[in-house]
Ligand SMILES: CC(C)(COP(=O)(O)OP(=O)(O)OC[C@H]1O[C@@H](n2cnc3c(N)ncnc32)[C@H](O)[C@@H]1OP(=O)(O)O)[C@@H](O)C(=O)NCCC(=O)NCCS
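Shown next as structure tokens: one chain only, the form predicted alone.
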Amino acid sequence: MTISTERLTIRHPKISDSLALNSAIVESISELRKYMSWANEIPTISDTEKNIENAIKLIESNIDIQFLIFTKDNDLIGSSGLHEINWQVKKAEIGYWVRTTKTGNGYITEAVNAITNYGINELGLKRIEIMCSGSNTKSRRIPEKLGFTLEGILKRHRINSDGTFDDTVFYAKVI
């Protein structure tokens, strides 16, 4: 499954992506661990392979659909996906991260827009959610730019990796 945009190729992960994905995670670990609980430890290539194997199983079972994001010249720049899919309600959550050296180029906005449209137009989803840390202003800009509605702020809802309490902001696009 591949989604193409003007600048990006967005597709399901393959085991052969392990080295490139691991490199992107390791490069970005200090940024990722601020907000992503799965980034507390630096993964080995074997850890990344296992993660991809698990992602493939979840895709095949239609529970969670992970995507890797590449530039048109095949540079892996991040990951996203439709998570916690509820087929009865026809909803999913989008999560995302971008390689530290590729931030500020609008790649994630472009990818999230494409994945949102895929979820609505191809999968028939009626609700797409984005939740992120209240202090993560870069991440918050994505749903705001894409016309998601801020549905709520859960105060003191999470603890960041540095031990500070933070809010969770909750956005949704409803069809």
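Just so you know, these numbers come straight off a predicted model, no measurement behind them. Just count from 1 along the sequence shown to find any residue number.
Keep in mind that the form predicted in complex with the ligand is not shown, yet the notes after this line are about it.
A.B. asks: Using heavy atoms and a 4.5 Å limit, would one call Met131 a contact residue for the ligand in the model of the complex?
C.D. replies: The answer is yes: Met131 has a heavy atom within 4.5 Å of the ligand.
A.B. asks: Please tell me whether any heavy atom belonging to Asn113 falls inside 4.5 Å of a heavy atom of the ligand, as the geometry stands in the model of the complex.
C.D. replies: Although the ligand is absent here, Asn113 would stay clear of it in the model of the complex, with no heavy atoms inside 4.5 Å.
A.B. asks: Residue-level contact is defined here as any heavy atom of the residue lying within 4.5 Å of the ligand in the model of the complex; does Leu82 satisfy this criterion?
C.D. replies: Judged by the heavy-atom cut-off of 4.5 Å, Leu82 is well away from the ligand in the model of the complex.
A.B. asks: Just checking whether Tyr35 would be counted as a contact of the ligand in the model of the complex - the rule being heavy atoms within 4.5 angstroms.
C.D. replies: Taking the distances in the model of the complex, the answer for Tyr35 is yes, it comes within 4.5 Å of the ligand.
A.B. asks: Please name which of the stretches 120-128, 141-149, 53-61, 40-48 has residues with heavy atoms lying within 4.5 Å of the ligand in the model of the complex.
C.D. replies: So the stretch in question is 141-149.
A.B. asks: What are the residues of 1-20, in order along the chain, with a heavy atom within 4.5 Å of the ligand in the model of the complex?
C.D. replies: The stretch 1-20, when checked against the ligand in the model of the complex, contributes only Arg7 at the 4.5 Å heavy-atom cut-off.
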